[in-house]
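To begin, one chain is listed below as structure tokens, in the form predicted alone.
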């Protein structure tokens, strides 16, 4: 067999291997790509288009207009709801960090036996149906609920606390219970990744516990804090089930407005516009987190 024939055979074999590799890669990527395209990007594109159409109660005309966006930004009710949404989500996020950071800290310092047991107990409530958890809190926070009944039995209060249900407080309590594991775990992983030798070296140099926390633990756990913000704060902005069931008028959030525009008011154009305004806000927040923390830190 000549050299030219061997070279030609080698090229054909290499081409066949390359073709098979790219074919396999295409076959692996194509189904999920089509799935995401049809069930996510196509509906999102349609909603974006509808947000610029003229719409009213159960009417939708393919006429380009900015009225839906103008209506949102000129309506005191919608702007107040947007403000309310940020107040509830920000308040819940601050409380989640205050509660979750100490839990993550002590989990990182514990031995594996107790660490995984507590993590298991922390994650178990997440496996319970979402609506069951909300209704359980609705019963607990009610006028005849566990909390009010217990406080009245102790003589701390004479009548049920009205602000515990159908209020911003109720929404934040349920959101904290819902999202706490998603705050604890990223911070726990950041703290667990700090070498013990670094902490021991700081102690040998005379650093106090406060100095170790301030100059070592807190800065090195910042990526976990930012990751929890992306995982928790941004989804909380779009909550609608929790405020709908335990929030009442004062706990109304932007997600409830979007839901009502689609299902009650029949104004798909305005609902789509508000949805994309909320999406734009979340994208800005994600961009800020990435700019401050960096993609590598988040990953």
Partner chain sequence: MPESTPGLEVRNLTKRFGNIVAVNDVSFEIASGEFFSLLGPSGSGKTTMLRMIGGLETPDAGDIFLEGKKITFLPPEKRDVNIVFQNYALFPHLNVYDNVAFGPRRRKWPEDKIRREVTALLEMVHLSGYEEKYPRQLSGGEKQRVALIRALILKPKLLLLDEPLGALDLKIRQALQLELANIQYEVGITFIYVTHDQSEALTMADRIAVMNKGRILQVGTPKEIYEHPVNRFVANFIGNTNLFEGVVKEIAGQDVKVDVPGLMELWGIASENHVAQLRIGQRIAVSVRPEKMRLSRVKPQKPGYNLVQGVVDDLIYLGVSTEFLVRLPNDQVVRVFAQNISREDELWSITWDEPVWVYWRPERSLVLADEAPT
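Bear in mind that the values here come from a model prediction, so they are computed numbers and not experimental data. Positions refer to the first chain, counted from 1.
Separately, the form predicted in complex with its partner chain exists; it is not shown, and the next lines address it.
Proximity to its partner chain in the predicted complex, defined as a heavy atom within 4.5 Å, holds among 122, 176, 108, 202 only for 202.
Only one of the listed residues (192, 215, 162, 80) places a non-hydrogen atom within 4.5 angstroms of its partner chain in the predicted complex, and that residue is 215. Within this chain, residue 198 lines the site of its partner chain in the predicted complex, having a heavy atom no more than 4.5 Å away. The closest non-hydrogen atom of residue 71 lies beyond 4.5 Å of its partner chain in the predicted complex. Although the partner is absent here, residue 97 lies well away from its partner chain in the predicted complex, with no heavy atom inside 4.5 Å. Proximity of residue 220 to its partner chain in the predicted complex: non-hydrogen atoms within 4.5 Å are present. The stretch in contact with its partner chain in the predicted complex, judged by heavy atoms within 4.5 Å, is 207-215, chosen from 100-108, 207-215, 152-160, 128-136.
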